[in-house]
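For reference, the chain that follows is the form predicted alone, supplied as structure tokens.
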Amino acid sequence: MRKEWIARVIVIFLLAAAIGIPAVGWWKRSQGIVIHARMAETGGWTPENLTVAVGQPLHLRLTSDDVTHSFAIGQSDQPAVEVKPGEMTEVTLTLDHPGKYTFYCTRWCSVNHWRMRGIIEVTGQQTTPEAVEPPLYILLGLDIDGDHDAEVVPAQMPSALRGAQFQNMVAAVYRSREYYQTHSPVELWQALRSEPASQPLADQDVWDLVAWIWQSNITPQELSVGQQLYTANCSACHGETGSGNGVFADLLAQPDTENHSVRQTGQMTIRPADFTDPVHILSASPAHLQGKLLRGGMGTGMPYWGPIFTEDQTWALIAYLWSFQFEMEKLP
């Protein structure tokens, strides 16, 4: 009798556990996962790796342990939310496609701010697998880490407005979107300089024509989006005017200072690129610049933005960078 009673107790216990453990897990998920935000130097996001089933609501409770941060999901329309010290910010996400999503901070809190990233892994079956095409710089076989200095640069900033008067001298092949994405301004200048139709033009006139062709491949909407992305994500290092003098530029240029003492090989930094420098920038194609943006600059401190920006956003940001080299008017 005693053995039978013990057996019944064990069975009841196991049944309770089978019901109770999932219920506890559900209760915790329904209450929300607490995520702490700290500056990257002192920990970043904790936890920084989350897992959720596709289509299942993910409840998060966000708080900061030091300064005000923010929380955003890369390649998503989900708006960024502020994460303040001593407060809880609640967010519910429902991700409908399996894969890995990057969450990150959009508030520049320190020189290593961009390292505040985490991963949400969404599990489940992909009904129709999407074909992923490699980035253009890979398809073109570009060496985005190699030196590329322009052999010739304009005497003054090229003007798209001045170049418009020569547009009838340009063959259609040079005005295509494909040509724009895959060639540098210097390559276009050299090609136009060798064309019989543009032989009468002065060198600066050809540069103005290059500016007009570049502008004809960029819409005002792209410039507007690109400016917003640049201001939010790039200006702290590269500066508002693109000259490499952002508020963190000096720290990035001194990798051996106390702020960088914990850096390992491959994490050292250099002064941010100067987008107003024609020797360096006019020799780069949009595909080259997009490659740097997607993958980052190995061993330079340039962050990788591939998991953060959509394809259209990368081209919009690259479009805005050309405003540091060319005087471009708004298109009608």
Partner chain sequence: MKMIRWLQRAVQFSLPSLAVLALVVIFIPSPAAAAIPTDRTFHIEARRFEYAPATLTINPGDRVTLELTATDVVHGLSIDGYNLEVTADPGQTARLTFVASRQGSFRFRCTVTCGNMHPFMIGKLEVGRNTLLWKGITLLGLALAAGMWRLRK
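Given the structure is predicted, the values throughout are model-derived calculations rather than measurements. Residue numbers count along the first chain shown, from 1.
This next part talks about the form predicted in complex with its partner chain, which is not shown.
In the predicted bound form, at least one heavy atom of E240 sits within 4.5 Å of a heavy atom of its partner chain. Contact annotation: P85 falls within 4.5 Å of its partner chain in the predicted bound form, judged by heavy atom distances. Although the partner is absent here, Q221 is not a contact residue: none of its heavy atoms lies within 4.5 angstroms of its partner chain in the predicted bound form.
Among residues of the shown chain, V173 is not one whose heavy atoms approach its partner chain to within 4.5 Å in the predicted bound form. Residue in contact with its partner chain in the predicted bound form (any heavy atom within 4.5 Å), chosen from R193, R107, H148, R117: R107.
For the options T231, Q199, T94, Q156, the residue carrying a heavy atom within 4.5 angstroms of its partner chain in the predicted bound form is T231.
Taken together, M39, T68 and V247 are fully in contact with its partner chain in the predicted bound form: each brings a heavy atom within 4.5 Å.
With its partner chain left out of view, the stretch that reaches within 4.5 Å of it through heavy atoms in the predicted bound form is, among 137 to 145, 231 to 239, 199 to 207, 161 to 169, 231 to 239.
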